[in-house]
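There is one chain below, alone, in structure tokens, taken in the form predicted on its own.
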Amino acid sequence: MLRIGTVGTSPITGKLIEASKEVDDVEVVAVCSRTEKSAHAFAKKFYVERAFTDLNQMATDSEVDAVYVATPNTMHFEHVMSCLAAGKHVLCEKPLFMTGEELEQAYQEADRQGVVLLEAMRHIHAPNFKNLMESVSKVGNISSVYLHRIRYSSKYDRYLAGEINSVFSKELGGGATRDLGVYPLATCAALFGEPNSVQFTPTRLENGVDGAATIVLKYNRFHCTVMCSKISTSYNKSEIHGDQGTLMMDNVAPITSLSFTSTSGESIDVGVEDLLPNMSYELITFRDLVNRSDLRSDSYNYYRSVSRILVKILEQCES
């Protein structure tokens, strides 16, 4: 049994706890929050027995094997390093860190401790992402890629009213690119590897954070155009275009509808229906990596490579 403690009490943590109930040999046994009131309220809400207000205390608890980190982005490095130093496996929300330097330090510490450090990029672990990877060859020679994650946030209304939530705080590593843009950017990294160059065009809010952005990733023979926003909504599909046809998906995270239309107009459904909550699949990957105890496996190195490419792209967007 992989016993997980969580840090952070945002809705995403609640979704992970619910998703864990659908995964064999995984159990959330503890939660951690800054105040005793919020820790106990969160634990009670999700029927978790133990509540902490000190992350170091939870990280050194012998009844906790791993920690799920879902705190504001700029806090990830400190919290992850504390858990790794205590010898705990770590599943950390996207984006994993703010810089490549932080990423490499954390990977080195994880390797020293002999534990797994995995970025919680939920969509690349789901069945339809694997179907997407297997179906890319259907389009033939790729000519262009358009991927987006454009969803109006209710927190934007609060921002306009004067309340600065972490997702709209530059100081806490917020913004559309690091919140929603990471999904299509990670998709490009997972499918096509590291781009030759990155062009970043943000729509800045008054406090300097990007409310929306367009990012163009240049590869040898094609460009990937990525759009993200928390201040508007798109109802278009994401697409991969080639000389043999087009792959279309309703969303990049998660993909619930995936189809291929050939240049002759013939369409086929290449997607599947998820049998589990979307976040369950990243927990399955995490569990299997921990149980396998092979920190040099191809799958672990692949997920690391995606995280490395993603942080490089994000750093170029900030430069």
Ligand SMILES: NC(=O)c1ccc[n+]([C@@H]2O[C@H](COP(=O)([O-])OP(=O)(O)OC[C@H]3O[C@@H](n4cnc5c(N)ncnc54)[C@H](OP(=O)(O)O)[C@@H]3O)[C@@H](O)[C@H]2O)c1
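Since the model is a prediction, treat every value here as computed from it, not as a measurement. Quick note: we count residues from 1 along the sequence shown, nothing fancier.
If you look for the form predicted in complex with the named molecule, you will not find it shown, but the lines that follow are about it.
- Could you check which residue among 110, 167, 142, 227 gets a heavy atom within 4.5 Å of the named molecule in the predicted bound form? Spelling it out, the residue with a heavy atom inside the cut-off is 167.
- Only one of 97, 159, 129, 183 has a non-hydrogen atom within 4.5 angstroms of the named molecule in the predicted bound form; which is it? After the contact test, the surviving option is 183.
- Message: Within 4.5 Å of the named molecule in the predicted bound form - does that hold for a heavy atom of every one of 8, 73 and 93?
- Response: Spot residues vs the named molecule: full contact, yes.
- Tell me which of 211 to 219, 186 to 194, 75 to 83, 111 to 119 has residues with heavy atoms within 4.5 angstroms of the named molecule in the predicted bound form? So the stretch in question is 75 to 83.
- Consider residue 33 of the chain shown here, and say whether it contacts the named molecule in the predicted bound form, taking contact as heavy atoms within 4.5 Å. Yes - in the predicted bound form, heavy atoms of residue 33 and the named molecule come within 4.5 Å of each other.
- Query: Would residue 295 count as a contact of the named molecule in the predicted bound form, using a 4.5 angstroms cut-off between non-hydrogen atoms?
  - Reply: No, residue 295 stays farther than 4.5 Å from the named molecule in the predicted bound form.
- With the cut-off set at 4.5 Å between non-hydrogen atoms, does residue 261 touch the named molecule in the predicted bound form? It does not: once the named molecule is placed as it appears in the predicted bound form, residue 261 has no heavy atom within 4.5 Å of it.
- Query: residue 12 near the named molecule in the predicted bound form, any heavy atom under 4.5 Å?
  - Reply: Output for residue 12 is yes: heavy atoms within 4.5 Å of the named molecule.
- Using a 4.5 Å cut-off on heavy atoms, what residues in 185 to 219 are near the named molecule in the predicted bound form? Read in sequence order, no residue approaches the named molecule (within 4.5 Å, in the predicted bound form).
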